[in-house]
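Here you get one chain, nothing else, as structure tokens; it is the form predicted alone.
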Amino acid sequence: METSDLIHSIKSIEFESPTDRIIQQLKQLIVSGQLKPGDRLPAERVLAEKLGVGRSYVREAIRKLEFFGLLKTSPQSGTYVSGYSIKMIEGVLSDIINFNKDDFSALIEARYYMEINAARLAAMRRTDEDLALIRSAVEDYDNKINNKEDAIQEDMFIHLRIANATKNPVFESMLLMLLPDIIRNIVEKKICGDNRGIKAMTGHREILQAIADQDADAAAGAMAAHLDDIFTTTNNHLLP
């Protein structure tokens, strides 16, 4: 075999994220019968301490499992295992873990179209309380960037606040599915330059103003401009 052919045959090593490992462990507990339909999971804090990971990873795993209907959470009584059969659970869990991992461009495209429409709906449906929460998230982001601190979490909260203002819970659920993997890829691949945070500040402010004005077209346009930059940077980075 030629060296060039051999190189193309070698695949990069895949590393599981803490979220995937949590999902795998929960799968094993369900399949083995240690967790049965209707059983309540330990609290996030307890799970995080036992697994030796941050609570954000536990929360992300639970959110993903909730989205696919494998877990149900009640604010009053906690998180429970759904009544799906073991065979269905095994298939769906595999889909969750492999969800768009190898297609970063698909993640970016899905986010692009979803968030443009989320911004449009947010402008149409937002309340004064929603606007205050979005503005606060934008200010938190700006403060971190101005202090030259990491603002990844603050960036994510801005977009989640906008999704929440749509009054359609599917937008927020889908973003909770997509954003962690998108952010992880951007960080690991070092796609965005050092000045990305400063440029994003302007984009966030334009989106915020359009939502404040309840101008749906302007909100959609501002979100498109904001994400176009990320999309172009990502495509250029991934070109051979």
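All residue numbers are counted from 1 along the displayed sequence. In this text, the rigid core denotes the largest set of C-alpha atoms whose superposition between the two forms falls within 1.5 Å. As the structure is a prediction and not an experimental result, all values here were calculated from the model.
The same protein also exists as the form predicted in complex with the DNA; that form is not shown, yet it is the one meant from here on.
Q: Only one of S136, S74, N146, T127 comes within 4.5 Å of the DNA in the predicted bound form by heavy atoms, so just point that one out.
A: After the contact test, the surviving option is S74.
Q: Though the DNA is not shown, can you say which of L29, M201, L176, V53 has a heavy atom within 4.5 Å of it in the predicted bound form?
A: Checking each option against the DNA in the predicted bound form, the one that comes within 4.5 Å is V53.
Q: Looking at 42 to 50, 29 to 37, 211 to 219, 167 to 175, which lies within 4.5 angstroms of the DNA in the predicted bound form, counting heavy atoms?
A: Selected stretch: 42 to 50.
Q: Classify R63 as contacting or not contacting the DNA in the predicted bound form by the rule of any non-hydrogen atom within 4.5 angstroms, answering yes or no.
A: Looking in the predicted bound form, residue contacts with the DNA include R63, since a heavy atom lies within 4.5 Å.
Q: So in the predicted bound form, is the DNA close enough to R196 to count as touching (4.5 Å, heavy atoms)?
A: No.
Q: Determine whether any heavy atom of R205 comes within 4.5 Å of a heavy atom of the DNA in the predicted bound form, and answer yes or no.
A: Result no; R205 lies far from the DNA in the predicted bound form.
Q: Even though the partner isn't displayed, in the predicted bound form is T79 close enough to the DNA, meaning a heavy atom within 4.5 Å?
A: Looking in the predicted bound form, residue contacts with the DNA include T79, since a heavy atom lies within 4.5 Å.
Q: Rigid core superposed, CA of N143 - does it shift 2 Å or more between the shown form and the other one?
A: After core superposition, the C-alpha of N143 moves less than 2 Å between the shown form and the other one.
Q: For V58, does the CA position differ by 2 Å or more between the shown form and the other one when the superposition is done on the rigid core?
A: Yes.
Q: Align both forms on the core first, then report whether E206 has a C-alpha shift of 2 Å or more between the shown form and the other one.
A: No.
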